[in-house]
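Before any questions on binding or motion, here is one chain by itself as structure tokens, the form predicted on its own.
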């Protein structure tokens, strides 16, 4: 009897050990994520409900007053509009250009050497970080830079254009540069999807007399739909949070013409020292990204 009890106790201890062991391996990661992710998020959310924190020794609880004030502030509303334009144009043109490049690289008429060469060329923008891209385009679009010289030589413009200093041009130029730097991600993802489509589908469609355009809309596009939705959602989140390229190129100027929600948060916190207002804006960005992340995860689960 005693031996049976000891045996059962040993089995119970082993079972508990097996149950705890996976969590013990994950404990370091859980601790790091808690300290570096969850705690800061909770602190930022709590800061948004006070009149001002960090600079005030005794901040006062104001509830949703910061949110009401922020959503009626002209500069923040403008940053929301700029961000919406910036994000929508980036996602749409990333998709169109990435699709076009992927179809070109995947064309059967190209040899293997040509495909490899074009892949390297088309991937170059994705290999540069934000600092390199900013320096490159500032040199190209300088009033005395190459772009102005070419446009003046062909008669498009008479005088050099200050691309980043014109309020009517700055947002469009910034959007173009970000599109140029981001389309390779779409191209590689779509190209991988195209190469994963069975050739039998295209052969059967060709036997039935389907044209190349019909094959694209009735075979390629439906097969690529899960990939397109996933990368579009990810791009939407990344572009909404884009800060480094915007800050390096325009800093939100001129006269807030390129002010985004990310640059607004930075300026409010570290230039105006209004940390509660900056936290409120950060929480709004977080909510938008969380909603998009939920749609992304739901789409992934549905496809699985």
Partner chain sequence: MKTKLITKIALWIGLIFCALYAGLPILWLLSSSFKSNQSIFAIPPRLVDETFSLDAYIAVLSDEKNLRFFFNSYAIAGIVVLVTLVIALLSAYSFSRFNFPGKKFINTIIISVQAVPPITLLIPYLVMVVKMGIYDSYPALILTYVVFTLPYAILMMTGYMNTLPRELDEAVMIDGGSRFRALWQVLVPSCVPGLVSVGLYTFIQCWNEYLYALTLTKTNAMRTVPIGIASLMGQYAFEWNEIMAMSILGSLPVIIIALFFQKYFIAGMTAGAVKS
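Please read all numbers here as calculations on a predicted model, not as lab measurements. Positions refer to the first chain, counted from 1.
There is also a form predicted together with the partner chain; it is not shown, and the following applies to it.
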Next item on the list: Tell me, please, which stretch of 197 to 205, 127 to 135, 72 to 80, 213 to 221 lies within 4.5 angstroms of the partner chain in the model of the complex when heavy atoms are compared?
Entry: 127 to 135
Check: Within 4.5 Å of the partner chain in the model of the complex, do we find a heavy atom from each of 89, 169 and 295?
Finding: no
Checklist line | Heavy atom within 4.5 Å of the partner chain in the model of the complex - residue from 162, 139, 85, 157 | finding: 139
Note to self: Quick check on residue 66: any heavy atom within 4.5 Å of the partner chain in the model of the complex?
What the structure shows: no
Margin query: Taking any heavy atom pair closer than or equal to 4.5 Å as contact, tell me whether residue 257 reaches the partner chain in the model of the complex.
Written below: no
Margin query: So, residue 26 and the partner chain: in the model of the complex, are they within 4.5 Å at any heavy atom pair?
Written below: yes
Notebook entry, point to check: At the 4.5 Å heavy atom threshold, is residue 44 in contact with the partner chain in the model of the complex?
Noted result: yes
Check: Across 170 to 200, which residues bring a heavy atom to within 4.5 Å of the partner chain in the model of the complex?
Finding: 176, 179, 180, 183, 184, 185, 188, 189, 192
